[in-house]
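Considered here are two forms of the same protein chain, supplied as structure tokens in two stand-alone entries, structure 1 and structure 2.
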Structure 1
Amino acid sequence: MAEKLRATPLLDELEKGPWPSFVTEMKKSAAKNPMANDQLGILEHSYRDKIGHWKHGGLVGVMGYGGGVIGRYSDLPEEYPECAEFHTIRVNQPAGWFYTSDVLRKLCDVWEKHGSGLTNMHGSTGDIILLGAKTEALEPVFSDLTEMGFDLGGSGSDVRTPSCCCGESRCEWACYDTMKFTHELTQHFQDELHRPAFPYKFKFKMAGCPNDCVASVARSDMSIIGTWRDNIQIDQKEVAAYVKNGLDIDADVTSRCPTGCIKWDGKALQIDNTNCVKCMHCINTMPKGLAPGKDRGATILLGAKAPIIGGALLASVLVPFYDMEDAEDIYELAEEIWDVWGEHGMNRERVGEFIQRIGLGNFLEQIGLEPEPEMVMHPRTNPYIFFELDEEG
């Protein structure tokens, strides 16, 4: 069915220039789909009056789930009737965002049949986003998706869709199998993912090395970042080749080492591995010459979040090193955390804010972890210590 496109003089300006245009994308869908055409119209309306036209979400979803669909209604239903209901469906992506052309086409077929034809590949948390469904389409979309082996992601106060870097599938720096771990974790916590029961959202992100390509340290409540304990692997011949090919190893590598633990004597590279803080810079600079050690695992950090409500946080160290041998250990750790936070956390208080409120020391005691110096930048500077009253003598 061919649609007469809504007039979009302002948006048309955004079809110019070398970067791919979202307006062109919207027009491609709008040419065939009345929902997408009204969506195009309402966006032009926003560009005209400099204000969004989407109302607050409503309670919509699929039977038995409390998350995975974000209700969205416009405030101009008469002018743009086809997108008066324009809900978002979050579809849990395969770990590492790998697809075949075949499965992509099948997803497109489902979305052509039931929705606007617009997607985000992908949403901020990692899901495949199907943008714009009417309420009546939700169950049929869900049914078709599960038939082809896909399920919904998280939303609201639940485990949000876990995501990860491509890890060992295509990276020599991955210190654990992020995709396998992420897939199994997601399967393990299906109930927590689909049925919100926490004070607020809880995100997991898995990064294979300290480069953290998925920004887990900034964007996840539990951040699991690959690292190693033994010596950086050196191929001296390849290191020498980098130098021969013009790498200024003193300026760009050794002097940039944060602990000054790396030396180049003109022939060989020496690393004092006991002082290496696994920053990755030297390895990033010479991928052929250096590689992470062989005794690999991960550091587990907790509590990152964006500003709402009490200010933005980066995650902080909870477990300095875990060998990643048994995923069950991490499931148990997460469950301990949810027990404490679930009981004492306030409504819409992320776990990072909760820890700041009750104190990391108290929190560790509650979840049964011993304090370690790796968990802080430095010990306290103030003398206001809450000594426990049962300590005597």
Structure 2
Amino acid sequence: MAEKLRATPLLDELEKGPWPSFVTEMKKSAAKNPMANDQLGILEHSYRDKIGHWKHGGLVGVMGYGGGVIGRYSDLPEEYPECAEFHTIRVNQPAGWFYTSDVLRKLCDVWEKHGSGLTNMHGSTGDIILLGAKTEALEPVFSDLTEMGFDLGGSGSDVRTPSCCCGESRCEWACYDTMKFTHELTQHFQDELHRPAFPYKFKFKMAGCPNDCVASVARSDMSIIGTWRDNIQIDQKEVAAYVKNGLDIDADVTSRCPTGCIKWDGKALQIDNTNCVKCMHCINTMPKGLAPGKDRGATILLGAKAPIIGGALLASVLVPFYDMEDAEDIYELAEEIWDVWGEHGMNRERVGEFIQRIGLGNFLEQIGLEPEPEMVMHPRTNPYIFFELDEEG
């Protein structure tokens, strides 16, 4: 039976104009689901009052899991009874976000059966987000998802759901198999994913090349970005064809190289690979003429975060090059970081903020990693730096 939609004059304004609106999609669910209808009402109420009408989530979850479900309770339960509880479920997405249409239909069937029918495909971490369920529906949802082969993702102070770009499945520039590595990483850290035990959240994101299509350098605590350490591959005939067909190679390629390491003499392209910073601009501009080198692996970076508690941080280089043939060293490195951060990190302090507080030198010493030139962000400005002499020296 169709629901009588709540009046939403303010939300209706968001349906005007040329672009698709989330309000239109919410109304489709609200027409047949009372939870979605009350959610429309409480959102309208929030727009009118200019505050969010949700209390602190508290602890709610499924048996045996500390993460995966985010508690949501309305502070207007009498006015919007179907939204008195409106918990969010994070579902671990398949690597690279590959689905069959059959699986997507089954996911929607599960959610229409147990929840509001509202989804977010996908959340900023990467998960499938199922928006709005009552407490008694959580275990049945989990059971149905498990039967389909899905697991819950991370929430709270734990490893958040690892995510990656499509990697070698569709991208010729991928320098390692992001999907395979993400799957193995997710399986390896199941306990850390489901049972929060950290000072705050810890995100892994895997990008196949320096284009970083998952924005890992800005949004993940540990960023694993594909790269190469030999020379960029050049097809001089294809480069010449670009120029012949109208590409202004000086204006669009050589002058835009951040280190000025590319030269074009009218006949051949020359690249000083020792000064290349792998920005990908030349490869993106001439994909038929240039390609990443053949000696491929990944750079491991650490410490990015969005501006929630403190300011935003971009990740810094931790391991300049790793060949990605064996993931065990990466697992061990992550565990060393968690041991130090878990012991000395403050509540709600991300690992990047922790490094800023104690200093990179102290951090590297604690995790047993040798300093590398690539870790230097800028030349030092303080001359009063003392080096520890080797005891044997």
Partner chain sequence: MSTPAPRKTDIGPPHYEQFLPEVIKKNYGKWKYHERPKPGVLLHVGHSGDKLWSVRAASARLMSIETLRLLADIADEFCDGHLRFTSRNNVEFLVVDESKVDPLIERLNKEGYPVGGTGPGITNIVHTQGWIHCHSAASDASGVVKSVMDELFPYYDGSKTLPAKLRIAFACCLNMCGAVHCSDIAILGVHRRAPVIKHDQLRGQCEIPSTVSACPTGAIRPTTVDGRETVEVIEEQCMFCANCYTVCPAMTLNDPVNDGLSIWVGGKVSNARSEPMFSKLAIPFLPNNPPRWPETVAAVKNIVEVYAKDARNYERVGEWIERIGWPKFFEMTEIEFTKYHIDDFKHAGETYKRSLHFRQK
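Throughout, rigid core stands for the largest set of C-alpha atoms superposing within 1.5 Å between the two forms. One-based numbering along structure 1's sequence throughout. All values reported here derive from a predicted model rather than from experimental measurement.
Here the chain coming from the form predicted alone is structure 2, while structure 1 comes from the other form. In the core-superposed comparison between structures 1 and 2, the CA atom of H378 travels 3.1 Å.
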